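Here you get one chain, nothing else, as structure tokens; it is the form predicted on its own.
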């Protein structure tokens, strides 16, 4: 394992692609080992195109969704993608899974974590996973959890963009230039054949965030992603670091 790592906790098997694909590809190119945990395949609530096919079964849907996510992960340069198969609509997040994620946090020791918004009235799986991921981080920091193990430090947690930001009361305060890796993200998006109707939507989101990033910097940025930081940024200077041209 390299010294630089990141952990992405995704409720469903496509969420990490739409919402954080650019960040994943960007950091993977910089030598960061990115681990993605897909807690479910999104087999019940996010696979309508597959369910419209005659004779479709739950196991076939799961298998197709896994293949899509694996192809997308490869396009993005993900170091490790895990499928925990915890179901969806509703997702089942029990204590064993919580401790499993806490243990993974200690194993990966991420420099940062990415997960869902705290609210989402359209998809209850998403805020449940947000709380789940942040609780796992807290447990991984506790000396009383598996005493004797090295506890986790304080990796920043960034909440990626939900489908309906205003309704989720999600407030972006971090804008990331993903222009250099946009083609990787687009390739990953196009791996998600089961949700083809979202390809154009998330392309528009990336363009919009690119415009917003440009207006908040002195750079020309074509494509962007936005995040909400849970914790304050700890910095050594208030002078912005030089970004990509």
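Everything quoted here is computed from the prediction, not taken from an experiment. Residue numbers count along the first chain shown, from 1.
Note that the form predicted in complex with a further copy of the same chain isn't included here; everything after this is about it.
Engineer: Since exactly one of 79, 139, 71, 104 fits, which has a heavy atom within 4.5 Å of a further copy of the same chain in the model of the complex?
Structural biologist: Here the answer is residue option 139.
Engineer: Contact between residue 54 and a further copy of the same chain in the model of the complex at 4.5 Å, heavy atoms?
Structural biologist: The answer is no: residue 54 has no heavy atom within 4.5 Å of a further copy of the same chain.
Engineer: Answer yes if any heavy atom of residue 190 is within 4.5 Å of a heavy atom of a further copy of the same chain in the model of the complex; otherwise answer no.
Structural biologist: No, residue 190 stays farther than 4.5 Å from a further copy of the same chain in the model of the complex.
Engineer: Any chance residue 85 has a heavy atom within 4.5 Å of a further copy of the same chain in the model of the complex?
Structural biologist: Contact with a further copy of the same chain, no.
Engineer: Since only the chain is shown here, I'm wondering whether residue 62 would be in contact with a further copy of the same chain in the model of the complex (any heavy atom pair within 4.5 Å).
Structural biologist: Contact with a further copy of the same chain, no.
Engineer: Select from 186-222 the residues with a non-hydrogen atom within 4.5 Å of a further copy of the same chain in the model of the complex and write them out in sequence order.
Structural biologist: Heavy-atom contacts within 4.5 Å come from 197, 198, 201, 204, 205, 207, 208, 209, 211, 212, 213, 215, 216, 217, 218, 219, 221.
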